[in-house]
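Presented as structure tokens, the chain that follows is alone, the form predicted on its own.
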Amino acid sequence: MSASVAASASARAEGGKPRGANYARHYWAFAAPAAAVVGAVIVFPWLFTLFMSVHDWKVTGTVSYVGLANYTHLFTDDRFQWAVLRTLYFTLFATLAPVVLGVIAAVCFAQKFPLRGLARTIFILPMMATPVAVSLVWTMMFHPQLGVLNYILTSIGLPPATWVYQANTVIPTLVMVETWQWTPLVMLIVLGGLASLPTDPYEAAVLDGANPWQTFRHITLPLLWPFILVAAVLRLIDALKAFDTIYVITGGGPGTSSETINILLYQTAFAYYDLGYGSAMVVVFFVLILLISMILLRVRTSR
């Protein structure tokens, strides 16, 4: 009885409050700086963006409250609707191509062959360059008269391509640039997954007489699926946010044939100085990214 009373007494701090309450009061001293940084860097900008999105906010004019007028205008703006479709089109192929090629590259680089380390290093070099530098190099390569790509095509007897200078080829060409630069990222993620796979299923597959394709289809691919989905989510979010590559190479052209949401909202906010309408685009774009990411994460957790 006396031991329990002593334990109860020692479990309380000054003033008769539990000791945990005193500890919790001191936790805020450590969490406050991080909370202040998060609030200043993330929370406040988003709240201010929401505030601007319900105002007619032009740099050269007065600020007036318009409620949801900016949002309703988005759903009647043909230019914005086409930008959404182009963004989804670009994102689909700029995600699918790197994921497929990255998985193939990871499986290849997981095998043992001479100079494998050097080959891996060379393969990941595009990912190490900045997108602006990559875009400038590809812009010179796409030049219709002086570009090396058309020189190669004509050297082997093929007609020169229009690349980014025609509406029906500009998006596939931009996807090619994104695929070249970001396939190594997918490869590294999947390669890490391959290194963590257990060996027992493969030994059993050899005893059962499974060929390499059957082993990959029924063992490797299901075990790698969580890693592939993580790579797909990261790549999808990055493709949705793609701006620098498109802006440097085409600027949204020719015409508006490569104008994605990012290019359009940049033009709206910083070329036309309509900050309110541009902020509404940002909010809708954020909701779009959030919904797509949640769907992919839901698919990952359901398997």
Partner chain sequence: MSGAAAGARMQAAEGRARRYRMRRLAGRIGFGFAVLMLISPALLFFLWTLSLAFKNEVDNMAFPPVFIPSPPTLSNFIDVFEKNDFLTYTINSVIVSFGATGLALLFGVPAGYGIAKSKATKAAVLILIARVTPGLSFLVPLFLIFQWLGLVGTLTPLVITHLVITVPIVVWVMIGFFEGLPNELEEAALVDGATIWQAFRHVALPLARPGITVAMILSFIFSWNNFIFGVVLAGRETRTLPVAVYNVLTFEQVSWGPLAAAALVVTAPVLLLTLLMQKEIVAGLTAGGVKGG
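Positions refer to the first chain, counted from 1. These figures come from a predicted structure and were not determined experimentally.
Keep in mind that the form predicted together with its partner chain is not shown, yet the notes after this line are about it.
Of the candidates Ala204, Leu158, Val132, Leu88, Val132 is the one whose heavy atoms come within 4.5 Å of its partner chain in the predicted complex; the others do not.
Of the residues Gln166, Thr121, Asn211, Thr72, just one reaches its partner chain in the predicted complex with a heavy atom at 4.5 Å or closer; this is Thr121. Using a 4.5 angstroms limit between non-hydrogen atoms, Trp225 is distant from its partner chain in the predicted complex. In the predicted complex, none of the heavy atoms of His55 sits within 4.5 Å of a heavy atom of its partner chain. Gly117 belongs to the set of residues with a heavy atom inside 4.5 Å of its partner chain in the predicted complex.
Using a 4.5 angstroms limit between non-hydrogen atoms, Thr199 is distant from its partner chain in the predicted complex. The candidate stretches are 167-175, 213-221, 102-110, 72-80, and the one lying within 4.5 Å of its partner chain in the predicted complex by heavy atoms is 102-110. Counting a residue when any of its non-hydrogen atoms is within 4.5 Å of its partner chain in the predicted complex, the hits in 261-286 run Asn262, Leu265, Tyr266, Ala269, Phe270, Tyr273, Leu275, Ser279, Val282, Phe285, Phe286.
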